[in-house]
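Just one chain is shown here, as structure tokens, and it is the form predicted on its own.
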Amino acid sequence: MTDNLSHAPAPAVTAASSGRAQNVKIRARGVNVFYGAKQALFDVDMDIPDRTVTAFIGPSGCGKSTFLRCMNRMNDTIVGARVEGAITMDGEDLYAKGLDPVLLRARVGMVFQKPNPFPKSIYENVAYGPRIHGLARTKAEMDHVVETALKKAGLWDEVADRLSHPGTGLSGGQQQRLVIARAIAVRPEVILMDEPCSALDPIATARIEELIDELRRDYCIVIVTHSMAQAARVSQKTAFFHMGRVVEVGDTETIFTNPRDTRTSDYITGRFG
């Protein structure tokens, strides 16, 4: 990746479907990803706007999650993985030699398919990250951080009287909201979600989708989903991946009603995938 960004242009501005001009939060140019000798992504170019939900859609194995993991360097944890090209956030090179991936993952949080609360209390699940990063100096400050994160995740009213209970004792949908609260607690700028509703029932899914819509007011959100209906409901921008390449990126309404590429149309209408 490029280390010197002193001559990088000012962040571009893109129009979201709401009509507002929005700053690009993450910019990718010429991104290629290899797992050993196998290439998983080819020349990905994309601008991801701030305070917007961007959905990645496409068949299984097309590179959606691989690209998602590039944005907080989770691919670094895979032996033999190699990323080429440039990915910047607010103009900062995410692959610069001096950048600490652990600190980056606090700024770019991740929510996985299956809820993965720690085997700790509800309180300690949320407090874990802020404690590691020194975001609260006193018990009162930590209490405020935990309460704020749980409220933003829409979970406070359900767990306020049992914060000492195990997080693993919550329902699946509650566990996923707890994981989202855990990500929010370290004050991220971006939240990545890799099929966050795939293990949830329809009622829990609807609650998570409502939460995503609320969170986009404060965060840049990127979601990988196999559900066309979900992408249409929660996102303002959609990118269609196919065989390791980005076929088409645009406003969600346009992608679903008037796609430019026949492959996009074929996937959305169920002709393949």
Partner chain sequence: MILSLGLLLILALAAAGFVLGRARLARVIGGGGPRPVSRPIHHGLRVALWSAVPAAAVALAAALVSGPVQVQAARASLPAEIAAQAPLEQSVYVSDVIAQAHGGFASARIRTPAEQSAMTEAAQTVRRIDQGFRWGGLALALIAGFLAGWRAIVSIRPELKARQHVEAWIWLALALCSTVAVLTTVGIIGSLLYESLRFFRSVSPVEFLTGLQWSPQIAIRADQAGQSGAFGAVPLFAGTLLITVIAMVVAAPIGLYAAIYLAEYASRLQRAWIKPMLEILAGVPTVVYGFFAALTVGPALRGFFNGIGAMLAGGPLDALGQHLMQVQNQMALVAGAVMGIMLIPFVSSLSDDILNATPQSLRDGSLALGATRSETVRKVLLPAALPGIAAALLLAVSRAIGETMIVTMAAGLQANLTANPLDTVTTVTVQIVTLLTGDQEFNSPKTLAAFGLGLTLFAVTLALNLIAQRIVKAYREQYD
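Positions refer to the first chain, counted from 1. Since the structure is predicted, the reported quantities are computational estimates derived from the model, not experimental observations.
This next part talks about the form predicted in complex with its partner chain, which is not shown.
(request) Scan 160, 203, 140, 132 and let me know which has any heavy atom within 4.5 Å of its partner chain in the predicted complex. (result) The option sitting close enough to the partner is 132.
(message) Going by heavy atom distances of 4.5 angstroms or less, which of 155, 106, 83, 89 would be at the interface with its partner chain in the predicted complex?
(response) Exactly one listed residue reaches within 4.5 Å, namely 106.
(request) Find out whether any non-hydrogen atom of residue 122 is located within 4.5 angstroms of its partner chain in the predicted complex, and reply yes or no. (result) Residue-level check for residue 122: no, no contact with its partner chain.
(message) Can you tell me if residue 146 lies within 4.5 angstroms of its partner chain in the predicted complex, counting non-hydrogen atoms only?
(response) Because no heavy atom of residue 146 falls inside 4.5 Å of its partner chain in the predicted complex, the answer is no.
(message) in the predicted complex, is there a heavy atom of its partner chain that lies within 4.5 Å of any heavy atom of residue 173, even though the partner is absent here?
(response) No, residue 173 stays farther than 4.5 Å from its partner chain in the predicted complex.
(request) Answer yes if any heavy atom of residue 99 is within 4.5 Å of a heavy atom of its partner chain in the predicted complex; otherwise answer no. (result) Looking in the predicted complex, residue contacts with its partner chain do not include residue 99, since no heavy atom lies within 4.5 Å.
(request) Mind telling me which stretch in 74-82, 89-97, 147-155, 195-203 gets its heavy atoms within 4.5 Å of its partner chain in the predicted complex? (result) In the other structure, the partner sits against 74-82.
(request) For the stretch 181-198, return the residues whose heavy atoms include at least one within 4.5 Å of its partner chain in the predicted complex, in the order they occur. (result) Contacts from 181-198: 182, 183, 186.
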